[in-house]
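Coming up, as structure tokens: structure 1 and structure 2, two forms of one and the same protein chain.
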Structure 1
Amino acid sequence: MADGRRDPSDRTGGSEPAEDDLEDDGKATKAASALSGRLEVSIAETEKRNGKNAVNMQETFTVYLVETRPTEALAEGRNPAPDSLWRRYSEFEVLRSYLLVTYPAMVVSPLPEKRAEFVWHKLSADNMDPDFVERRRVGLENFLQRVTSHPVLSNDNILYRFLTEEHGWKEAVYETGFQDKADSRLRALSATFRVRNPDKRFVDMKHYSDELQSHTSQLLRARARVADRLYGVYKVHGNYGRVFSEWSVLEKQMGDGLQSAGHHMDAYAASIDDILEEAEHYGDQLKEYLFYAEALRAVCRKHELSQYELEVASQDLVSKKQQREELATGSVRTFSLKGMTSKLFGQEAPEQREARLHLLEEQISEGEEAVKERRAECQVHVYSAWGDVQRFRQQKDRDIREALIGYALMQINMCKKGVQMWSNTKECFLKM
């Protein structure tokens, strides 16, 4: 995950520097020209607003302050004031939807979740909860940074306007007509069709994306349950604190020791809140890849769809050519109703045959054009998509590895605190 933590000293903006280890078929140069190379993007603040929503009802929502700064200026040591504008979550959704439709060969970064899921006991499911809003801010910032570092997506004009034009952007994006395409895309993604010769790599990738989705969601669920239980264990220790205190009142010699031990138990019980809040970061990293799996799957499905359309067009062409042949030679190769009726009721008039032949020829040349187009489309898609899938895989390996390491470090930290607390408690007991 790009460094989304809100750390004022760390405004590097982009996720990976341009000279990163991407594939060397010209991608490196593309990365260098990615938007993030020229513009630093961050989300600095959040605010609550009141307004009317689509169905004209009052609602409260959160807006996020998107800030942009030219990297050149920062490199030169200047610190100009950033340009900024406010965006709400739904606008991000529109942007992403547009990108999905416009670049079907790209694995588009996901947005942070709309509603809090995989919630465990203490964690709030409320969208207005400040912790949730903060995590969302980080997630949205991460989204922007990924998109602006993407070799292809970052060059999109609408994206640029999203970052720089507060008001004109909306009209522009709707003008592209992406909305209709979005609907048909969704339908196509869930349609069932049988494709005969899909590129095996994409079929495998699709299976992989399904598995990835399954594993990450299982992991998230299990993690939430573990957190829940751990919370319980820590909190019950708080009762030790209370009873030790009460008991210390009764005792003469043991009183002091018990009293301090009680305090430590209270602290121990309280410590779990922070520990688990921090651990949510790990959960968010996993969630990003849960949603990424969906995006990956969509790209694979798009391939299958274009391959299918190609096959349909080819098949159509083949059958039309067959018809022409039959008509031209008069022989019936395959059983057809027309063939039978003409045998039974006699041949048709030569003029009609001519007309039909002529029509067929037209259709055939149209069909050939269509097949050419489809084939080209398919090939372009395969080429760009496969490239992006590779990029995605490398990114995923890097990010998840980092996430796991971070998780391990967090656990170690938690244990160190535990050792501390219990050592202190032991000291108190020894003094009893």
Structure 2
Amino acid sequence: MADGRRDPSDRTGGSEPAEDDLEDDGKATKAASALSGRLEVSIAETEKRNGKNAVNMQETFTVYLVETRPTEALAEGRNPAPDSLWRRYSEFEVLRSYLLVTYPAMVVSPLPEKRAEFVWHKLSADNMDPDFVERRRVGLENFLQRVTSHPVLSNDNILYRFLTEEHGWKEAVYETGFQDKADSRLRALSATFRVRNPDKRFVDMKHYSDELQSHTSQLLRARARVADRLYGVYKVHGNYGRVFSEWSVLEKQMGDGLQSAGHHMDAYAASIDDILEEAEHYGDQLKEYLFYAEALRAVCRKHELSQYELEVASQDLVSKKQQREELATGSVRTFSLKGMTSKLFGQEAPEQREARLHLLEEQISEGEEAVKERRAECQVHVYSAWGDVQRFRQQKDRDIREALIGYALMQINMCKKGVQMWSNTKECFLKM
């Protein structure tokens, strides 16, 4: 069956797209009809289940309730009951793998982490922990909203079936043969490509993705260390609360003030749990872009592969044309086994020579067609990929800015609450 892709762009002329063309294409991309404009998608809840895995062993896993509503009905003021179905995390992995293979020029949104990373010591790394499952629910919902609002990915038929069909979508995705493409692509990409003329923009983008991953991982490690320190500082204030409460029993005049101060200290110590839970939300936003770095590299690797295949085809064509010229003129420019054979055993018969020339002409014709196809494929990938990279950059700048501002405001509010707590404690002391 068809894999649900839209027809690729037929703009293949020129060595690379102009910047103003890319800008115009970006505007057209934004104007494209995305699935999110027709369907509201959310993950409403999670559920823990037990079942047997592929090797018939009992396992516990989490499923996520995907709900969809037509936006047209919501716009008209109606609130119909949502269509819903349950999905496992592994099914999201299959969907994303399919999108990566089918749309190699697109920066495909990453999934949330399968197991917690960059955790501070009081945060559970158990993937069945309720808090972690809830954060992953939010991350999976964000993934669906990303792909359903993407100007290209959102129009994929398999994605629509993932959202709307309980059964059958997985068979449909496997019928596309994406696994075979993924395996062969993986083997090809594992090789070291010696590309002679890579597009400098993709070379720079690959370097940028490495730097993005490095900086975000360092930031997340620093945030985890700060969370550890903050947790300790806040919780140790509970000692103030205990001391003030015990001391208040001994004092008649100061007892009420000391006891009230102790209550403020206890509340301050307990407040860190909610503060750090909010901080995890901003941490997850940064983790998304930590994982986006690999999505960028995947696009760059596809460019390397396309360019490498073009260069190999071009070199093979040059070699075939050189052989034709040598055979036609009887001169050998470079050392070859065929040239040595001619010197040792004499020239081949005219009939053999004509047959070889005819074969070379056919191979050259096929080679020219192969180079044309490779060049067109490379140009389409460069054009499509660079346009989507520009879209990604705008999204990234906006999202990281909002996340960092939100984290800074959270810290400001935390400090204000600390000042308020000490102000209230001072009032308690003044009343003693």
Partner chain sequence: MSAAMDESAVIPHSHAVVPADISGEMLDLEDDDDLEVFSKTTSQAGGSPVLSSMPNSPGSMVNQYQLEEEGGGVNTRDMFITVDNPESHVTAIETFIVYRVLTRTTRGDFDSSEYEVRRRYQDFLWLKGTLEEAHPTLIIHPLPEKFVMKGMVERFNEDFIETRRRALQHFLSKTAEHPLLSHSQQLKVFLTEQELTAHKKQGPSFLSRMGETVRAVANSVRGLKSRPEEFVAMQEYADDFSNKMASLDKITQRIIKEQKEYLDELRQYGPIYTQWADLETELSEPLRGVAGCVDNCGRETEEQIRHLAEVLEPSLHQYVLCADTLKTVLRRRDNIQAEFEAKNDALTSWSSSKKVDHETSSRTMEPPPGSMRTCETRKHKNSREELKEEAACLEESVKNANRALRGDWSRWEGSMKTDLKSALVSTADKNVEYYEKVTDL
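Definition used throughout: the rigid core is the maximal C-alpha set that superposes within 1.5 Å between two forms. Nothing here was measured: the structure is a model prediction, and the numbers come from that model. One-based numbering along structure 1's sequence throughout.
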These are two forms of one chain. I'd like to know which is the form predicted in complex with its partner chain. 1
Tell me, please, whether between structures 1 and 2 the C-alpha of His207 is shifted by 2 Å or more, with the rigid core used for superposition. no
So that I can tell if Arg356 moves, could you say whether its C-alpha shifts by at least 2 Å between structures 1 and 2 after the core superposition? yes
Quick one: once the rigid core is lined up, does Glu246 have its C-alpha move by 2 Å or more between structures 1 and 2? yes
